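Here are two versions of the same chain, shown separately as structure tokens and labelled structure 1 and structure 2.
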Structure 1
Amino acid sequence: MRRQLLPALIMVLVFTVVTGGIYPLVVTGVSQVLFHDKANGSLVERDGQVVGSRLIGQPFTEPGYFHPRPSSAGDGYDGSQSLGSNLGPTNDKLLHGQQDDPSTPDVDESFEGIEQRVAAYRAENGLPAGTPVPVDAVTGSASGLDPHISVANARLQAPRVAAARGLPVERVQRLIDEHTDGRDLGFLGEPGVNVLELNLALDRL
């Protein structure tokens, strides 16, 4: 019994030290040296103040800013409550929304579905009825924290942003192009526009 117990205890101690101490310290040290910005959250600063992270979206609602995709994380882009709607693509609630039940005044069951979001997006951006709306403009990501929108989404918002800021639409469109991230590794995913960085660039004009 002792012959088996002692080696087992030694192995537990060794692996605890290696995996619980040495390995995390080495990984932390390497990441701080080689990937300092990313390891610390890819924080974005303006005038010396942290205004957000390049990796986590945040709500923008004013007409002079580009708006992010919808978020189901808490009240929107809450990093401590990261989640999607968990509703399937044929779910009636997701497609058509849900009204609040007046019989339960203490609980708000209302839910804005894609149908309502499409109508609101067109109205907000002055788009004619029937204008195709990018899917990312009316659906949230799985995490609810996606900091990017599609290029198509950004271009449809450009006239509203330009009008609110008194800028030529062409200038705003060029800014979109300048802040479009390419595909990961050159072939994964789709190009996207980081909303926070684009809006900060607008403020710098």
Structure 2
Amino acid sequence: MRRQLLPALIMVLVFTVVTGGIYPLVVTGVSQVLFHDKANGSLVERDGQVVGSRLIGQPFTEPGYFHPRPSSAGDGYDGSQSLGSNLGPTNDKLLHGQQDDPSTPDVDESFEGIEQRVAAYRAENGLPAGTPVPVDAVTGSASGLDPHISVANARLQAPRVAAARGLPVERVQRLIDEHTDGRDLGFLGEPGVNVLELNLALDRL
């Protein structure tokens, strides 16, 4: 039995070298040669300046830009701390929001519930009361970094964006079509609009 201990120790070390050293280094080498941009985070440049990654959503608040989904990552779209809300389907906080607790001045417990987000979305986009709001616009993603919004969500934001930029709405709608990532192979996943790429395209008009 004791004769098994030495192989146990050496084998842990050997596999640390093989699978923890050689393997990831070879994968890194091959990836950096074959898929350099993707391996380094699909970074997006504007005028030679990196402004983000096409895969990582970023916050937009100005009316002339399309807005992403709500985010729980840090203060919103913090790429260094991905996070979902993890609120359950029957939790009052998720549905109706929560006020800040005045007895704990250091911590901000306030949370905008889906009900408040629906109202804010309608007000922002000039939609009449009772307009159904696309669910992705008022729910947080799993990663808090979702780069996409649904096409329906983008369509409802288009008039606001067009008005803020003095563009015809049809022009903006056409831009949405051009920046929609369809289902892969026609049936995998769901179509979505890449918010960063769409907004950069708006700036280029």
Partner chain sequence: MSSASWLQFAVLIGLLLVTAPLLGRYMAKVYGDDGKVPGDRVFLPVERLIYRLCRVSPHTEQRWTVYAFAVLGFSLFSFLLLYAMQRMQQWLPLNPTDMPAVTDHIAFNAAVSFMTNTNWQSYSGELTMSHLTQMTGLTVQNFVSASVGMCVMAALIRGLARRRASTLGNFWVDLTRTVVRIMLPLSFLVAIVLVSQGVIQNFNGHTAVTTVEGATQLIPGGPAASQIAIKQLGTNGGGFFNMNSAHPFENSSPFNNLVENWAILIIPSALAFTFGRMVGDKRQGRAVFAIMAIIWAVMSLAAMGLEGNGNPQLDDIGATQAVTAEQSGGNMEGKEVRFGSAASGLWAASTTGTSNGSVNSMHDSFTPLGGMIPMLHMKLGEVSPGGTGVGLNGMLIMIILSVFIAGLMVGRTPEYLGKKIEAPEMKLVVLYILAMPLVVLGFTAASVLMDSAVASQNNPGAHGFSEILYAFTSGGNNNGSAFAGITASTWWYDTTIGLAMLIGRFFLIIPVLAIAGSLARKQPAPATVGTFPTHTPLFASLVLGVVAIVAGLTFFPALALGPIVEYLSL
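For clarity, a rigid core is taken as the largest C-alpha set superposing within 1.5 Å between two forms. Structure 1's sequence is the ruler for residue numbers, which start at 1. From a predicted model like this one, the values you see are computed outputs, not experimental measurements.
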Block containing the form predicted together with the partner chain is structure 2
Checklist entry - Fitting the rigid core first, would the Cα of P128 be found 2 Å or more away between structure 1 and structure 2? => result no
query = Using the core for the fit, does the CA position of N86 change by 2 Å or more between structure 1 and structure 2?
reply = no
Exercise for the section: Kindly check if the Cα atom of V107 is displaced 2 angstroms or more between structure 1 and structure 2 relative to the superposed rigid core. Expected result: yes
G186: Cα shift between structure 1 and structure 2 after core superposition, Å, came to 2.8
